[in-house]
Ligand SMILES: Nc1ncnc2c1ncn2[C@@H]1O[C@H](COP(=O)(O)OP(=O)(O)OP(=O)(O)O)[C@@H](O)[C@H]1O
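This document starts with one chain, in the form predicted on its own, laid out as structure tokens.
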């Protein structure tokens, strides 16, 4: 008699009648180069809601103090904490493989890590996801991710030293993909692709989506801190003043745009190269670009991108399709809306 089979059938039967525990709150914590953003998401009838949120600027390199302030403001204790890493030492690959289950994929692809990533397989943490799990084709689209071990270990150490238990670690761009897929603009199926440019402090990331599933990812090492430095130099102000002027330039708009011309042009060049590569490789045209992250707060930046790329460019507000527990606080969080894409994606 196959006792294992009988036991498995017994577990399936029991699981049908045992009530599933309610999902507890999840807090996504995005640690950037200039600030920490955090959101607490909870399950309610009809979907998810933002229960609490916080943003804390980083002073120098004292990330631990800022993280502790976030912890105090959100009363972190039993919630599931999810954070992320980004930049050099993180890589994402998109490959087509013979269709198989996720369990079989995880067993198979680790034998070819040196084919997909330019790292010693022993030096990385890695995972994978099937992008078209319901597909019927013999081939399936797969996302492979790898991060240098020391980067993840350093993130875990930071949380431990802040007295926090970090449950999950992701890559920023995958969190952005989660947020855009779930909270992105509702668009009609056109057969074309949409792109998202997350302009972070030191690194920007372009992602191209087909049917709200990521198909291309690339880091560009130009970020909003460079925009702030250019504004500070051009207007002879300090970094805090430059950051404020970046968001609300008023009559100085022309000077601000002129000061940021070089880094913006560098971004546009890299975006154009990325889109051309994607269109050549996949034979799919990108017809719209959405901007997010701290760099998208530069007043008028979408117009500069639109003029140079010859396509519609919009600022992506990931909060538009999110439910807030306290609508009274919506005005305050909307001020920082474009910066919360990663944190929301982590919470999701």
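Note that the structure is predicted; figures quoted are calculated from it, not measured. Numbering follows the first chain given and starts at 1. In this text, rigid core is short for the largest set of C-alphas that superpose within 1.5 Å between two forms.
Below, we refer to the form predicted together with the ligand, which is not included among the displayed structures.
The candidate spot formed by 184, 290 and 345 lies out of contact with the ligand in the predicted bound form, as no residue has a heavy atom within 4.5 Å of it. The listed set 308, 63, 33, 317 contains one residue whose heavy atoms approach the ligand in the predicted bound form to within 4.5 Å, identified as 33. Screening 71, 217, 79, 203 for any heavy atom within 4.5 Å of the ligand in the predicted bound form leaves a single hit, 203. Contact check for residue 37: a non-hydrogen atom falls within 4.5 Å of the ligand in the predicted bound form. The shortest heavy atom separation between residue 83 and the ligand in the predicted bound form exceeds 4.5 Å. Looking at residue 199, you'd find a heavy atom of it within 4.5 angstroms of the ligand in the predicted bound form. Although the partner is absent here, residue 230 lies well away from the ligand in the predicted bound form, with no heavy atom inside 4.5 Å.
Contact with the ligand in the predicted bound form, judged as any non-hydrogen atom within 4.5 angstroms, is confined among 142-150, 266-274, 242-250, 117-125 to 242-250. Taking a 4.5 Å heavy atom cutoff to the ligand in the predicted bound form, the contacting residues in 273-296 are 293, 294, 295. Relative to the superposed core, residue 59 undergoes a C-alpha shift of no less than 2 Å between this form and the one not shown.
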